[in-house]
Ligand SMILES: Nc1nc2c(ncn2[C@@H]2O[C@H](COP(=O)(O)OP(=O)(O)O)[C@@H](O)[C@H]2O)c(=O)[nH]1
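This document starts with one chain, in the form predicted on its own, laid out as structure tokens.
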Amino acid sequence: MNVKKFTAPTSREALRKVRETLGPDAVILSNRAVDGAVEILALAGDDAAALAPHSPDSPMSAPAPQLDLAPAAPAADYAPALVSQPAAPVVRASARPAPAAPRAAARPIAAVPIVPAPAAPAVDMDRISSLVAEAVASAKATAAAEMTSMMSELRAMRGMMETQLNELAFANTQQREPHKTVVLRELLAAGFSASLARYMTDKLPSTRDSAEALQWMRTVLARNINAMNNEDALLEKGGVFALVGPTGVGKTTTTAKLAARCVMRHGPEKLALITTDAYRIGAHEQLRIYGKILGVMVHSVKDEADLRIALNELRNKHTVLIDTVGVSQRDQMVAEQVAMLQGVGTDVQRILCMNATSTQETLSEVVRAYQGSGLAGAIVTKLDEAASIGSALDVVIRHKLRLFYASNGQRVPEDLHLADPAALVERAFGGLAASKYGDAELPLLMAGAAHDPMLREVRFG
């Protein structure tokens, strides 16, 4: 069995050497990586066929002939005796010819016993089949890995080409339609995302007047903010409302502001307050102080069972406000809190408090974490502390949130206002600082801005 070894930097090169040396019918016995190279053990097709067992009809399967291993008779009985030839005479100058040498006696030939050749070792065909299967599987895995690497490189090349083409296209747009660049700068400076800015500039009507383009942009933004026009839809209808959100967004203060509005409209006997914040020291005491001022009883609950009992006792109340514990959007307790509010057997409407000072990425993460099966609406808080509120409005537009109120201070209940889309948009573009990006950076920024499928429902008309 003539097994040959082939070594090459890659599997493809090693397989090519095998094919060139042993032909296309070669059998791969093993394939492994050795010192950064690929080593293949292969066997010629003819040698592999010779290892296979012969069929019963083959002459090679017939039994070997029996040999007579008895001692042979003396050679004199079967062959003539061997007679030695006389030696050639030696001629000497002064001597007579030498006498002839005596005839040698015939010597019998001894019989040599025939020893059978040792049998060839048995070939384990299962072992060979296993090696071949392993070699084939290894070759497939290597080819798949190389294909995956090649596809990744092709995708990277495609991304770079698309980015460069987008840069060239936007640079051309800057020259041909400068009003789009003005709108883009305004949106980015207000805190809106690059994807929304790109989507709106792509939909911008043909015009050469930058003032008209800016007015169109503000109108479209205000149209896509789903705000509550009249708080009667919330206060007159009543129900159970839970204010949720991360720590420090102003849930307790906002709860007190809503409670004051309910008391002014329906009286303290129609309102109940519940707090689930048993983690912060003195957290429930803050709400109790507000409740004492308003003349409203505050109930403290610890878990889902307590909340179910409390809601059952307060089912005759017109409005119930629940102040929940603040939890980071990345904490597992968010899902547990949502499940608790949904499992009490009462329709608890969740209102998300959004901090206007947070970034667009953080607010989007908060919405995704607290959304669960759906939010009744949102309240934007801390408008007075935010340098720009474009990020909050961007998230409201992108996630199609219903905006109830906007809070811009700590006073109860004065600093809580109905969400006015036009006023919020004007607030977003009022008192803007210098643009964050130069002319050379805008093409690169727009080229990397991905198309967000959530923006497909933005209304322009």
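What you are looking at is a predicted structure, and each value in this text was computed from that prediction instead of being measured. In this text, residue numbers run from 1 along the sequence as written.
Omitted from view is the form predicted together with the named molecule, to which the following refers.
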query	finding
4.5 angstroms heavy atom contact with the named molecule in the model of the complex for L196	no
4.5 Å heavy atom contact, S30 and the named molecule in the model of the complex	no
Non-hydrogen atom contact K257 with the named molecule in the model of the complex at 4.5 angstroms	yes
is_contact(A272, the named molecule) in the model of the complex, heavy atom dist at most 4.5 Å	no
Contact assignment for the named molecule in the model of the complex, among M217, I389, V249, L352, heavy atom within 4.5 Å	V249
Stretch from 403-411, 30-38, 389-397, 421-429 whose residues place a heavy atom within 4.5 Å of the named molecule in the model of the complex	403-411
Sequence-ordered residues of 346-380 touching the named molecule in the model of the complex, heavy atom within 4.5 Å	none
